[in-house]
Structures are given as structure tokens and as C-alpha cells.
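The form predicted on its own is given below as one chain in C-alpha cells.
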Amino acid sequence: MTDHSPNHKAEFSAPFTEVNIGARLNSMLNLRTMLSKDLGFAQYLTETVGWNNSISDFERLLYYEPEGCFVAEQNGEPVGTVTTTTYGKLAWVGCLIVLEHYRRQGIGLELMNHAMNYLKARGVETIRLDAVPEVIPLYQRLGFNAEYDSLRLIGTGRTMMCQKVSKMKDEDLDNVVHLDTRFFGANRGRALRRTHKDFQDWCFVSVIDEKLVGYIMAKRGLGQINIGPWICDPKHTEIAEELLRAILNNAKGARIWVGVPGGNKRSVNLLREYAFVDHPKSVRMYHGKRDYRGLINGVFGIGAPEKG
């Protein structure tokens, strides 16, 4: 996924309906919208790089952004993917993967340009993503800047007692979205509502004096439980711990994954107290305005690397 063009520019390059294919690429490269028939291929790609996305994860990505997930085809065969998720003026890019045999031919760059042009056409002002180290140079050439480390920690569920925590109900969702928007930096209500619908047994809230102060969601992945989003008012760190304990208790004996903004030291320290161990980290990067940052001191766990 190396750009060999000497005059490559970092800004958006063309309307998202067009595909600009440089002379370095085979003319049979085609970029198109991801369809339901592509979900198996998309999930297979994540396996090739050791990620944990399921077909259901991609079904949700298509639900959030049916026109904003893309497949690259070479000579009619799928060779790469990229996804987007929009939250008004803020958007996330994820799942940028190219089959190993087709890497370093500029396909990843074309997929990113296509995704970014789509987002520009949607009025997006800030694009964020989590970058693994080997792809950071590509994102830098596209004009992305580093914000902070995005950490990954792995733990194990076990029997726990938890207080001041209850199962999330439909009537809690308006307050959940309101609290989440404050700390995430944009309204992602459709994603939160869909996650609650699909994983009601893994969603918990905490209310103090009739005010929601924190919530946590988790999802069953391939062979593990994925925590996130996990949001709590930093004035109530003890509640963040109780919410974590609720998930640990629900996931007895299971492997648990959580992503954490490196700047939230309270979350990192809390997870380490519960025997979570560090795994290879990513770097949170942004393109465009450095707005919609939210307040990471209240983000104890991200939703997912591909959608924030």
C-alpha cells in the first residue's frame, strides 16, 4: 500500500463516484460499494491480519453506512476493503485491508481516497481512525495527524459482585445517547441503539440520584467478548469500576478485549488492577478539523477501532 506518485496531494481528490487509478495500477482495478455478498470476504480479510471482526460486525457497518463501505476488485476478484461510519460532521474509517499478494501496489491508497471523497460529499469535516504502525506512513501522506495512542488490553471474565448497576433498558437510551455525546464528541445514537438491540444482555447503566452517570456495552466476537463503548463521568470513577465488574461477571471464563484512549490513565490503571494485559497498540489519527474530540477522561473504552 505504497504511493509511488511523486506529486500525490493529501487533500480530497475527486467526487466519490469516480475512481482515480494511477498509471502504477492495473487498469482492471474497480472500486465499488460493499454488498451483503461481500461480508464473508470482508470477514476473511480481518482473519488474515489477526483481527476479530465477525460477519455480524460487517452487517452492522453496512446498516450504519450502506453507501459508505467499499470493495476493491482486481480483474473482477475482490482484493481489499474499507469502511466508513458517519456521525454528522465527524466520521470514522476502518477495516482498510488489502490481500497480501496485492499490497504495495497503491490499492490501499485508492480505497482511502475513495472513502474520503465519499465522506467529503457527505459534509464530513473531521475523519478519525485507529492506525496500526505499518500503515501510519500511508495515512500521513493523505494528511492524517497523530492524536494519541489507542491502547488494547486483554483480560478474563470472572465471578464478581457489582453495585449501583442495572441492565440497560429501552427507556434508558435517550439518556445514554446524551451522556455519550458529551464524552464522544458527536451523536452516535443509531449505533448505540443498534448495539443495545443486538446485545441487550451485555449492556449496563448506573444511575445516581436519578441521573445517568455511566454505561457500558459489550459484544460477543469471535472467541472473545469485546467491551465498548464504556463511558462514565470521571467524577464517578468508582462507577466505571462497577460497570466493568458487571461485564466481568457476565463473561465468566471468557477472553475479554477492550480498547482505551491512552490519555485515560484511570481506565488503563483500573484494567491493569483487574489483570488485563497490554497488547499491540494503535495510533489515533485525524484528518481535517481537530474538532469533535469529546472528553477522553470519560471514555473508558472505545466502541471499536473501525467506528470509534
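Quantities reported herein were computed from a predicted structural model and do not represent experimental measurements. Sequential numbering from 1, following the sequence displayed.
The form predicted together with a small molecule exists for this protein as well; it is not shown, and the discussion that follows is about that form.
Trp92, Tyr118, Trp202, Tyr139: which sits within 4.5 Å of the small molecule in the predicted complex by any heavy atom?
-> So the residue touching the small molecule in the predicted complex, by this definition, is Tyr139.
Contact assignment for the small molecule in the predicted complex, among Val124, Met168, Ile107, Leu151, heavy atom within 4.5 Å = Comparing distances to the small molecule in the predicted complex, the residue within 4.5 Å is Ile107.
Indicate whether the small molecule has at least one heavy atom within 4.5 Å of a heavy atom of Val207 in the predicted complex.
-> Val207 lies outside the contact set for the small molecule.
Please check if Asp198 has a heavy atom lying within 4.5 Å of any heavy atom of the small molecule in the predicted complex.
-> Judged by the heavy-atom cut-off of 4.5 Å, Asp198 is well away from the small molecule in the predicted complex.
Is the gap between Ala72 and the small molecule in the predicted complex 4.5 Å or less for some heavy atom pair?
-> No - in the predicted complex, heavy atoms of Ala72 and the small molecule never come within 4.5 Å of each other.
4.5 Å heavy atom contact, Ala191 to the small molecule in the predicted complex | No, Ala191 is distant from the partner.
Determine which one of 153-161, 94-102, 222-230, 181-189 lies within 4.5 Å of the small molecule in the predicted complex, judging by heavy atom distances; exactly one does.
-> Of the stretches listed, the one contacting the partner is 94-102.
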